[in-house]
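Let us start with two forms of the same protein chain, each given on its own as structure tokens and named structure 1 and structure 2.
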Structure 1
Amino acid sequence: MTGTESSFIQASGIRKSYFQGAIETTVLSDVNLSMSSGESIALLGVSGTGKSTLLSILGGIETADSGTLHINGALLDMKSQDLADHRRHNVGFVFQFYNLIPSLTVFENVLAGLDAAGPLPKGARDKVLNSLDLVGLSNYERSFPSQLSGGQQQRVAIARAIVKNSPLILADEPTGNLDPNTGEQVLEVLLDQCRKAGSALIIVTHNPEISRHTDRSLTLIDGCVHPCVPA
């Protein structure tokens, strides 16, 4: 069995640059990454090193300039429909600023995670309520985001990410907008739910403390991924 076949994610030679006029800025120069199903990784690096860009490529939001990317055994083509299908069926996103829709209730925000996955499955309501229960918000289904604390809003975002049983969860600074105690609680909820579901989890962060909770930690330096050296 090859590495591509045995790994949930296999990225090789991923490169990404941006242009401002004639000036090219290379963000990712040669990213190679292998990850197993159910594994959790903290992806560290200072601001501007390309962490969020790499997450966007893995999640099918952006395309790489070159390189190959296999996810769940399939080559991820860079055509728009393939990327949309990948986002819809394989990926759950958790963002630093929650990205909840203010005019929707907690229930409706989580339901949107299923709606993005295609036609609503039978038992959608039960799936949403179960996800809210898993993150400790079973009594908040009729609340609006403005009525919740930051930690509660992030739990709603986690429920939205896990409601469709995505095999890959991508979290971009999920605790960066929370106080340390609340951030610790939210992180444990996220890690616990991914472990139970067997989802691969990548957490982009500048906080090295998060790496104490994940299976593995990597750092982005000069556009390449390197293993973190234990302190």
Structure 2
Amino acid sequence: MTGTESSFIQASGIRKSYFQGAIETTVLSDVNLSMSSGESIALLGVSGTGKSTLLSILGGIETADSGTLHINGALLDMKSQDLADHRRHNVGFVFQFYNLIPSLTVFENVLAGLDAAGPLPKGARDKVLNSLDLVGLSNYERSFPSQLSGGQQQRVAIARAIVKNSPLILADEPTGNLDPNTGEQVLEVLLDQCRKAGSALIIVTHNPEISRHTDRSLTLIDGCVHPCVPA
């Protein structure tokens, strides 16, 4: 698959640097990535190589310095409302550090994933409760994040990302804080939900085992993504 027409995501020549004072560090130098709807990718790479940065760019949270991102064949203008629309309509994001809102209950945090302003839309309550059930947190809807363990908070973050059946789910180390059994179950939930909804899924992980469950795996080295050779 090479053309923008056939890909759900087509990222070309993505470059991103950060400045600390006058010192520029290039994190992503030339990322090229094509992905079709419903495809799952494990993204590996040692700490600090730019995995979270790349996910943020694909999810419209950060902008690239140069390069292009096509979604469904349409060029995403990184300097316009396009980016907010992309985040809103296309993306469910599991943040590496969860980013739950401390003053909201678990239910309200997951509801935020539906991005619905105003009164509770029809069916919203059931969608939220179903997502919480899928990650094994049925009894926690009234709890606040501070009352949960790290792994439970991580699962709330996953419920929030999948509640809307977005076409693109970006999960940054979604099982990093879970014991192996719970991690396996949550991974299955993520993969299963994406299969059912036809969502493309990128899972950032340090666990090569996860690559066994995804369609393919990539590794980020020196600012570029490369296919992983199966062990």
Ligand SMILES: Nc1ncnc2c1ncn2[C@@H]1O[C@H](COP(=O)(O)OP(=O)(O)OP(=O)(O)O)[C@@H](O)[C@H]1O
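By convention here, residues take numbers in order along the sequence of structure 1, the first being 1. Computed from a prediction, not measured in an experiment: that's the story for all the values here. In this text, the rigid core denotes the largest set of C-alpha atoms whose superposition between the two forms falls within 1.5 Å.
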Checklist line | Matching structure (the form predicted in complex with the named molecule), either 1 or 2 | finding: 2
Next item on the list: Looking at the change between structures 1 and 2, work out which of 92, 135, 51, 69 is at the hinge joining the two rigid parts.
Entry: 92
Checklist line | Rigid-body rotation of the smaller part between structures 1 and 2, in degrees | finding: 16
Item checked: Cα displacement of residue 109 between structures 1 and 2, core-superposed (Å) -> 2.6
Notebook entry, point to check: In Å, how large is the C-alpha displacement of residue 153 between structures 1 and 2 after the rigid core is aligned?
Noted result: 4.5
